[in-house]
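Quick heads-up: it's one chain on its own, the form predicted alone, in structure tokens.
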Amino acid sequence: MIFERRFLLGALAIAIVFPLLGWSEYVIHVGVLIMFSIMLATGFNLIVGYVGEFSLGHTAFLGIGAYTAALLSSSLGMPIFFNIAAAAVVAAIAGFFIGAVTLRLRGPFFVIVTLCFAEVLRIVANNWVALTNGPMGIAGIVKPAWMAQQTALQQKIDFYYIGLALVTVCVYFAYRFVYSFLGRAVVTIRENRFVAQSVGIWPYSYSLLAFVVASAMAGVAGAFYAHYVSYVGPEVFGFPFMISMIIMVLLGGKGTLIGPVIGPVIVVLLEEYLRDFKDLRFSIFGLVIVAVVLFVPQGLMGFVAARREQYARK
């Protein structure tokens, strides 16, 4: 707990001063993508790392948040921070109803049904032309008014700090959740549902609460993404985002608070570095997953924790 808190505070300090070092517009853009990815990974980690269920439909809440912000901005002209809050609420409500159905299932049934929900929403977004503009998506999402007279670099720096503020809120909520009685109850459910029930912990209720919190975080990430790229299409429900989330959490270390921070940094940098390899980069990411599962099944943070424990014993 102390190590995680110190690491997260140190990472926050580094992130605050990062844009002040005179980086180019492209480097700041990569930083914005990292902020977006940390939000996604932090929420997804609550489900796969703490609840212990492997969801393949977390992009459903990313897309719901993105479309909520896009519709509020393009149709009603609502400001960015209102849209982000609304996206979190709408995604949390959707998470409640979807979780109420899927969390009654376990194992492969849970995985398949969550994936089906995301695919159904993608089909709806692709065909409900009157609301979502179909395959063309929603373009021209308005950026904040204060950015109107700014350069492209300054706009990206502003979005970076907005993303950093949202990441701080998401990680803080995850930290308070994990180290509360709710988090301890969820971990107990993950380790042994029957033991949890024997001590008065109802697995369905606590798992649903974690699912709703994770859904809200994905909605926040979706709204932030929509305003940053000024466009939302049905592809936000697609599997590529899901693959990235899985790699980030597995690589960084599921069931930790630091893993979803380290994992996105590595994955986003690898994606940018391997961009010239085009489709071959997916094969490379597949090899990365295989290597992680074989050699560091608990992720980088799990490996570090094991080494620290061995050092403490010595």
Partner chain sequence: MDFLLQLLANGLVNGTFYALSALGLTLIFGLMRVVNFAHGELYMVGGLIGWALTELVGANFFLALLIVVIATGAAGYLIDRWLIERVRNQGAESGILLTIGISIFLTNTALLIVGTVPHKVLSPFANKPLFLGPVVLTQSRLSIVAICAVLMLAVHLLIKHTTLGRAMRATVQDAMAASLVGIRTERIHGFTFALGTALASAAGALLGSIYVTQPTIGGLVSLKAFVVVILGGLGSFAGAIIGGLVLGVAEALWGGYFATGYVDAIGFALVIVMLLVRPYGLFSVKSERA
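Numbering follows the first chain given and starts at 1. Keep in mind that what you see is a predicted model, and the values were worked out from it rather than measured.
Below, we refer to the form predicted in complex with the partner chain, which is not included among the displayed structures.
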property	result
The partner chain: the contacting residue among 250, 258, 268, 32 in the predicted complex [heavy atom, 4.5 Å]	250
Proximity to the partner chain in the predicted complex, single hit among 165, 145, 123, 76 (heavy atom within 4.5 Å)	123
Site test, 36, 131 and 161 vs the partner chain in the predicted complex, non-hydrogen atom cutoff 4.5 Å	no
Interface membership of residue 16, the partner chain in the predicted complex, 4.5 Å heavy atom rule	no
The partner chain contact in the predicted complex: residue 290, any heavy atom under 4.5 Å	yes
Heavy atom of residue 138 within 4.5 Å of the partner chain in the predicted complex	no
Touches the partner chain in the predicted complex: residue 105 (any heavy atom, 4.5 Å)	yes
Which of 68-76, 218-226, 235-243, 86-94 lines the interface with the partner chain in the predicted complex (heavy atom within 4.5 Å)	235-243
Within 4.5 Å of the partner chain in the predicted complex: residues from 185-219 (heavy atom criterion)	194
